[in-house]
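Take a look at this single chain in structure tokens; it is the form predicted alone.
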Amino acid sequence: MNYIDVAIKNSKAYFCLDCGKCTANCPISQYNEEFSPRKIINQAVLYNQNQVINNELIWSCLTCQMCSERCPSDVSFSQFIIDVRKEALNKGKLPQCSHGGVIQTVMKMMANPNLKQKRTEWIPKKLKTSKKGDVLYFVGCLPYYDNIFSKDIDVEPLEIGKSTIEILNYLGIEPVILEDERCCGADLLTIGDKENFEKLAKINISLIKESGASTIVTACAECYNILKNIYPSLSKEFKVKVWHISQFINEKLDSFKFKSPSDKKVTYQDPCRLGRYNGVYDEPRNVLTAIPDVELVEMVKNRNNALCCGTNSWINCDANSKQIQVRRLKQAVNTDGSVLITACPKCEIHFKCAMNDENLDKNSRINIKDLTVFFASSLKSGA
């Protein structure tokens, strides 16, 4: 069985009815008429399979799974694309990487098991952490994002990390933070670099086992998806409970005491990996509305219909991506909310990057805060 046959089998592409609902629902297709999930599937199933890996459009897919929400045959185009990208990489085909490819380079460097890091120097002394324990906070790439983006756009990724620890400390938890934690590997997996993804996963799984943790909390939607759904398939010993921070807070809402926040009318962005991939819709909303005086106003597209933040895996951040981001920002502004709440660091980075364009009109500008930062700032101190 060749690579295309594997991709077709894994994604159920043979069941495609050629109805075109995937293309009609795809964010990229709405701005790039050449991109069509249906046509790419047809090219693989009915025509010359070798043409598929040479098709530059395979790198345009956001793997947001909007297409799967409408597919009557349960075809997973995202899985198909990831499998095809694996072979494309093997054949020397490369995507156009954003930011000069620095993020991909850092991820590949972290795949070296001999690499020693200083991953905890950003943690203020007032916050309490442990080297071993039951609850582990998986930080993800926040320290790297902070170095790359904090000076260029109005974003402070490490505030998400600090707020997460603050919330856990509030609950009496001193989370384990791994000094040598690696990137979860989500981006490498999505662009088809399975080899380096598995190297990262192997190191992380070993480190997590050594920590003694039975519970993992993360504030990144993509880390959550990888740790919850992919790592267990790589190791039978990986049996920890994985929570997104919104789920963890939601379980313990009665333990918090609040002060009224300065931003009272908010809207919420459903991350693709938290929402469509894992069905986590209610918990973030419960967390927000538990804060006194907070009014949550939904955007025109929300929950399983939420529009993606416009780019994925740090590739092909182009005019199409920016149009998607601006469209979503306008939807947020139209709610008359004072702040757009995100639950994935990448959503915040991508939207703030779009707003960094000085030519962007005021109808596309809104204050943006991560869920953990917003929630932590609403807690009564000393409670």
Partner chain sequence: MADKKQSSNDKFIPKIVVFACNWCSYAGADSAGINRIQYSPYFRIIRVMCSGRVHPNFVLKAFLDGADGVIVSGCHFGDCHYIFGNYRAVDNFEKTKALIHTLGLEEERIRLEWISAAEGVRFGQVINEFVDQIKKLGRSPIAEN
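Positions refer to the first chain, counted from 1. All of these numbers come straight from a predicted model, not from anything done at the bench.
Keep in mind that the form predicted in complex with its partner chain is missing from the display, and what follows is about it.
In summary, among the residues L296, L89, I123, V106, the only one with a non-hydrogen atom within 4.5 Å of its partner chain in the predicted bound form is V106.
Interface residue among G101, P95, G133, P261 relative to its partner chain in the predicted bound form, by the heavy atom within 4.5 Å criterion: G101. None of 231-239, 113-121, 162-170, 262-270 except one has non-hydrogen atoms within 4.5 angstroms of its partner chain in the predicted bound form; the exception is 113-121. Although the partner is absent here, L127 sits far enough away that none of its heavy atoms falls within 4.5 Å of its partner chain in the predicted bound form.
For Y281, no non-hydrogen atom is located within 4.5 Å of its partner chain in the predicted bound form, even though that partner is not displayed. Contact check for T289: no non-hydrogen atom falls within 4.5 Å of its partner chain in the predicted bound form. Though the partner is left out of this view, N147 does reach within 4.5 Å of its partner chain in the predicted bound form, counting heavy atoms only. Contacts of stretch 322-352 with its partner chain in the predicted bound form, defined by any heavy atom lying within 4.5 Å, are made by none of its residues.
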